[in-house]
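Take a look at this one chain, the form predicted on its own, written out in structure tokens.
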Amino acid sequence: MDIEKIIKNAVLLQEAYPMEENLCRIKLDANENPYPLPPGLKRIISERLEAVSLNRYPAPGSPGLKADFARYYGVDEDTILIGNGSDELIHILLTAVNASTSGSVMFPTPTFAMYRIIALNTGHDIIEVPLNDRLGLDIDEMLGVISDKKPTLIFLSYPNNPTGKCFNRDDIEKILEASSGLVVLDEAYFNFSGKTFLRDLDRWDNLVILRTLSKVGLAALRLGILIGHPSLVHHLNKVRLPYNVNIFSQVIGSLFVEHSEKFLDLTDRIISDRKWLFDELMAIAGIIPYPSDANFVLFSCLMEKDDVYAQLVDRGVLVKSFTSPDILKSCMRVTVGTEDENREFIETLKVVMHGE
């Protein structure tokens, strides 16, 4: 059998999502929270998981967790959909909405890679609009696409990954007003920016918000939260697999709601360390960091970037390097780590750049 004859062209023509396998002492490439859970929370988790019946399916639709997050966000339960990470929620959206020959999915670039990958894999045409030279939205171009192509779905990462900044709020409002399709604001890094459109859900029935627990210290759970208009959530639930969120994630997700202040204390520490990291990068000749509202800092390198990256890896420090030929061609992204990790990264980068 010729397997390529039965695989979609969109799948044949793309590469799998690249995952770093370097086993470095310091891992600052994946925008993870660097801090382990406090011992007290680990003890509570162990106690609750002892009561779990592993021979039974988890509650379909995660009703308890949905109720917890509805209360936490101050919204109605029928506006919430719980997913196996934001990736699954993106997949559910793209499975549910119509594809159009004119280009059904639009997003700026560079941005979160899974918008493009999942859109192609679900049979959508895509329209990519490059960011302007200030790493902001090219709002005139995007409004022109909305008028001409009428995309079914628009993704906006807010703050944007990998550039780190929140897009201009007025620009996003113009997109919401102009679009006849869904506008998805992916607020994965909300806890580091403090900026949100959550309170604007009543203004636009085409507004959808994504949140996640991956950036606040629970990446292993794979828990994502979609908040949108009840009629949209009703139809998305038809696409959601019955037991899409496992019982461990449901139990620990509810624990986050109960003890959110303990998780967010660590977030405050990361925000403080982000400023220190940015200032230290600014002080290194040949390095240009970009302001960030997230838990990472994008920076460009005036030396040969691939050589700098390789030398960092050789010294046990892993950051994210970009291979695209666009505005990221000279850029790397470093996650804000612990104080010791941040200091060692800076000292190592100084040695690589200038032999200090």
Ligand SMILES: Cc1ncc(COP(=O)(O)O)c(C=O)c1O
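Please read these numbers as outputs of a predicted model, since none were measured by experiment. Don't overthink the numbering: it's just position in the shown sequence, from 1.
We do not show the form predicted in complex with this ligand, though everything after this point is about it.
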Does any heavy atom of N161 come within 4.5 Å of a heavy atom of this ligand in the predicted bound form?
-> yes
Heavy atoms within 4.5 Å of this ligand in the predicted bound form: does H259 have any?
-> no
So in the predicted bound form, does any heavy atom of D87 sit within 4.5 Å of this ligand?
-> yes
Taking heavy atoms and a 4.5 Å cut-off, does F278 contact this ligand in the predicted bound form?
-> no
Just one stretch in 227 to 235, 250 to 258, 120 to 128, 208 to 216 has heavy atoms within 4.5 Å of this ligand in the predicted bound form, so which one is it?
-> 208 to 216
Go through F197, F263, F167, Y189 and name the one with a heavy atom inside 4.5 Å of this ligand in the predicted bound form.
-> Y189
With this ligand left out of view, choose which of K149, R222, K174, R269 has a non-hydrogen atom within 4.5 angstroms of it in the predicted bound form.
-> R222
